[in-house]
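One chain follows as structure tokens, the form predicted alone.
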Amino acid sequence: MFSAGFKYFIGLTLLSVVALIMSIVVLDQVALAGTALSMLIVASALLTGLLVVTRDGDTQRPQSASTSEVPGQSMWPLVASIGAVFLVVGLVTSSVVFFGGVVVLIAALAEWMVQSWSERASSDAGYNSVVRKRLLNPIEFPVLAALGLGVVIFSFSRIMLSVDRSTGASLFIVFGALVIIGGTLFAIKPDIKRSLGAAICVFGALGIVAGGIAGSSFGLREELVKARSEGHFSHPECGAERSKYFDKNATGTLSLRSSINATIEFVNGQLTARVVGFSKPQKSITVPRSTPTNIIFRNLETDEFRLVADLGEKSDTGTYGDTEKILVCTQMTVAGGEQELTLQIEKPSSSGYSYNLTVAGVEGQRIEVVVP
């Protein structure tokens, strides 16, 4: 006859199958619901099979002396199940969750197998524990230290990004002082109790993690939110006006002048190019395709200007398929100053693309860029 546990779990399995079929028929977006129900079906079917094999955990049958010892407790089956959940959820959410589940699952299975092997290494439980530690501690300690350090660094970064700049500097000083004090304490008192040292480290790490969680809930400070939304650093502002962010702390001279393809000069309202091998100023330069090429912009006027490279257009990925210009530019260059500009052009100018260099706000001055 069937046992009570078998009846319960076989009923749960069949009910889950029916629920999955109904969700496929009724729901339009069935990805998450279908994944959850499929995992429930697999779990309940597995438990049903285990109950058939063990007959609801019946331990009344006689056991031999070699199998009478009960294996030790292990948390790795739980960790492996969590990794399996991440693995399946990652299939419908994010690749990061998927690969995280793979890592957790592999680590849990490895730990579980080594623990099971070490428990049968001998009849001495103490020796078995030593064998397991000797095999796994050289791997566990560096990995756990790296994970813990990563969590602390990430939490500290959330704190620094959420508070004001002046407050962040003060917090950095305070945290640094606490680390120095803690290190000094351990150096002066090398015989300090192990539990006290561990408690200090744990409470310090928990404090930083709690601060990181609070910082994440507050979000980025206002100026960082504004900079992210306006894209000050990812999209150069190549207009004739000075930019508040892109032109901040602009350099006026260059220290490295190696591997320079050409020098672009703006003097007396004229834009010219000085190219190696030509004695006279040129109105065009040649740039090798798909290769980073450095050019120098030298502003010899009395006002400040910037050099702008027009590298054609690219199609917008939006609904309407619009195009936008690809512009690369220097920071605003002061009178008598120099700026470096690096170009990397993937398509030749013979394929219908027109590339040129201009000065923002100045009409009629252009240097043609030829890409063979």
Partner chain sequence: MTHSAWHIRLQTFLTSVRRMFAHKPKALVGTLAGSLVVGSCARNASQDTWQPKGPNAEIIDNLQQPIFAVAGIVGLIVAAAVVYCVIKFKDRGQPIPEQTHGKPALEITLTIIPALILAVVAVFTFGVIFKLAKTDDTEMIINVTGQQWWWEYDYPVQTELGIVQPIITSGQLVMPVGTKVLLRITSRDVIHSYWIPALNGKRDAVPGRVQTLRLEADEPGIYAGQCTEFCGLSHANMRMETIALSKEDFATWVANQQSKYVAPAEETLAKQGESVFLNQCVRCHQVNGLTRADGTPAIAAPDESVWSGAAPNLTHLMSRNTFAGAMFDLVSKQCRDEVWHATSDVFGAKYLAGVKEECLNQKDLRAWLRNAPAVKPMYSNPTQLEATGGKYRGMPYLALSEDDINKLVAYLLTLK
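Note that the coordinates shown come from a computational prediction; the quantities given were computed from them, not determined experimentally. Residue numbers count along the first chain shown, from 1.
As for the form predicted in complex with its partner chain, it is not shown, yet the points below apply to it.
Residues of just one listed stretch (132-140, 90-98, 77-85, 277-285) have heavy atoms within 4.5 Å of its partner chain in the predicted bound form: 277-285.
Highlighted residues T291, S351 and V370: every one comes within 4.5 Å of its partner chain in the predicted bound form, counting any heavy atom. For the options I260, V152, A121, A107, the residue carrying a heavy atom within 4.5 angstroms of its partner chain in the predicted bound form is I260. Under a 4.5 angstroms non-hydrogen atom cutoff, its partner chain in the predicted bound form has E346 among its neighbouring residues. Taking its partner chain as positioned in the predicted bound form, none of the residues of 328-342 brings a heavy atom within 4.5 Å of it.
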